[in-house]
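Taking the form predicted alone, here's one chain by itself in C-alpha cells.
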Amino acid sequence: MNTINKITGILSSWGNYFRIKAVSYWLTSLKIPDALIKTAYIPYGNGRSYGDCALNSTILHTTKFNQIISFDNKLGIIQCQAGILLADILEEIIPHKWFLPVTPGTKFITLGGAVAADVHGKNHHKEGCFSTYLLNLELLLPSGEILQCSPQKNAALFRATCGGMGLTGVIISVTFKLKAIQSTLISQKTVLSNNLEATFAAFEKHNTATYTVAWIDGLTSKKQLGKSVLFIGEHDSQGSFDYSSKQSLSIPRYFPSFVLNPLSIKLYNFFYFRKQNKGIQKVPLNTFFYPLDAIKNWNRIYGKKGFIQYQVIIPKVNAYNGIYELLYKIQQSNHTPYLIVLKLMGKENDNYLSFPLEGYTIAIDFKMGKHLLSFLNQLDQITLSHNGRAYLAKDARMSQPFFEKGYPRLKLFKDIRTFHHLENLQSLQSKRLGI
C-alpha cells in the first residue's frame, strides 16, 4: 500500500521572492502517489533553489528518501538515496578520508538536487560538474517505471536528467565517485586585486590550482571596477579528520529592509578587503567551501521581499569585456549588488541543459526592489551580446527568448521529455520558459 502524506500550505524559494500556495506530497515508496498520476508536479528537495525551478502548485517532497545505501570506503564509491543532504554525506565520508568530488557553495541541498542542477564548484576549471563523477542513477518516471541511467545506459535520458531541473523524473538514488583527501584543512592563498584586469590576470596565473573563487567589491569607483579578493585553495596534507556540519548562528526573523543599504555594504566591503591576509593560511574545510552555511536562515538578511541572485556565464573569449560591461552597468544604476562572486569555468559537458561552459561565471545578489526586474532584463541583453547564458538553478525571472538563445541543445531535451511522456513534470520555471 502506498502511504500518502499530504499538506497544503505556503512554499517559498530560498530567495523568498516567490511565495505560493502548494499541495505537498511525500515520496514514501518507490511509487508515485496515486493522486499525482494525472496531476502536474515537480520533485522538491530541501528548498534551497533560489528561484522557481522547484516550485509548483503541486510538489513531491523527496527528503524521506535519505539513506546511504552502500559505501565502499576503500574505493571511494557511494550510493545514496537522492533525498539525502550533502551535509549528511560529508558526515559519513570525511572520517574515512573522502570528500565530494564537486560541491556547490552550500552543503544543505539534496543529492538529487545536486544532480538535477548539475552543480559546479570552485574546481570546475579543472574537474568539471558533479555529473562527471556519476556512475549510475535510478530515475522514477511518472508512468511508475524505474530506469537505470548512466553515461552508458539510457545515456540520452542521463544527459537530460543531469542539469534537467527535475523535469525528467524523480531521482531515487545516485551512485558516484568520491575524492580522496588527507585532512579537513584547506591550504588557502589570498591574492588582492585592485581592478578587473588584475583580477582576470590573477585567475589566469593560478589556473592550475584546484580551487579558485573571487569576491568582488561591487561599490567601487570606475577606476577600481572589479576590485577583488581571489581565494586559491588546495587540500592540505596535514591535519585531523574532525568534522561537523552544525550551524553556529541563526537569523531568527527577517531583517528590516533598511538594514541592508548601500552605505552599510560599502563599509562592509571596505573592511572585508582590508582584513584579508595575503599569503597562505590553513583554513577549515567548512570555512573555504561553505562560509554562508555557518548561519542558519541567512536568506532572511535580505528582508521579507527577498532577493534575486543573477548568475550568468560568458565564454572566455568575451569574458573580460562582458563582465566589465555588467559591472559597469550595475555601477551606473540604482541597484546595489550585495554580494558578487566570480569563478573560472572549464569545458562544457554533453548534458543538454548544464550551465557551465569554458569561460567565467559571475553571481550577483540583489535585494528585491522597485524596477529590479526590468533592470535585470538589461543585464540579459549584455549577457546575450557576449554569447552568455543564465543558470537555471538560480533563475527566478529570465524570459523564454533569453533562455532559448543560451541553450542550443534545448530541442534534444524537449525530445526526451516527449519520448518518455514526461509532461506531468512541470515547475513554475518550466512553464515560464516553455520547456
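If you're wondering where the values come from, they're calculated on a predicted model, not measured in any experiment. One rule holds for the numbers: they count along the sequence shown, beginning at 1.
Heads up, the form predicted together with a small molecule isn't pictured, but that's what we're talking about next.
The small molecule in the model of the complex is approached by Trp14, whose closest heavy atom lies within 4.5 angstroms of it. A residue is said to contact a partner when one of its heavy atoms sits within 4.5 Å of a partner heavy atom; Ala390 fails this definition for the small molecule in the model of the complex, lying far away. Looking at Gly406, you'd find every heavy atom of it more than 4.5 angstroms from the small molecule in the model of the complex. With a 4.5 Å cutoff on heavy atoms, Thr383 does not count as touching the small molecule in the model of the complex; it lies far away. Contact annotation: of the candidates Pro104, Pro337, Gly306, Gly128, the single residue with a non-hydrogen atom within 4.5 angstroms of the small molecule in the model of the complex is Pro104. Residue in contact with the small molecule in the model of the complex (any heavy atom within 4.5 Å), chosen from Leu134, Val170, Leu285, Leu100: Val170.
For the marked spot (Ile216, Tyr324 and Ser333), a heavy atom within 4.5 Å of the small molecule in the model of the complex is absent from each of the three residues. This chain is displayed without the small molecule, yet in the model of the complex the stretch 392 to 400 from 392 to 400, 366 to 374, 31 to 39, 66 to 74 comes within 4.5 Å of it by heavy atoms.
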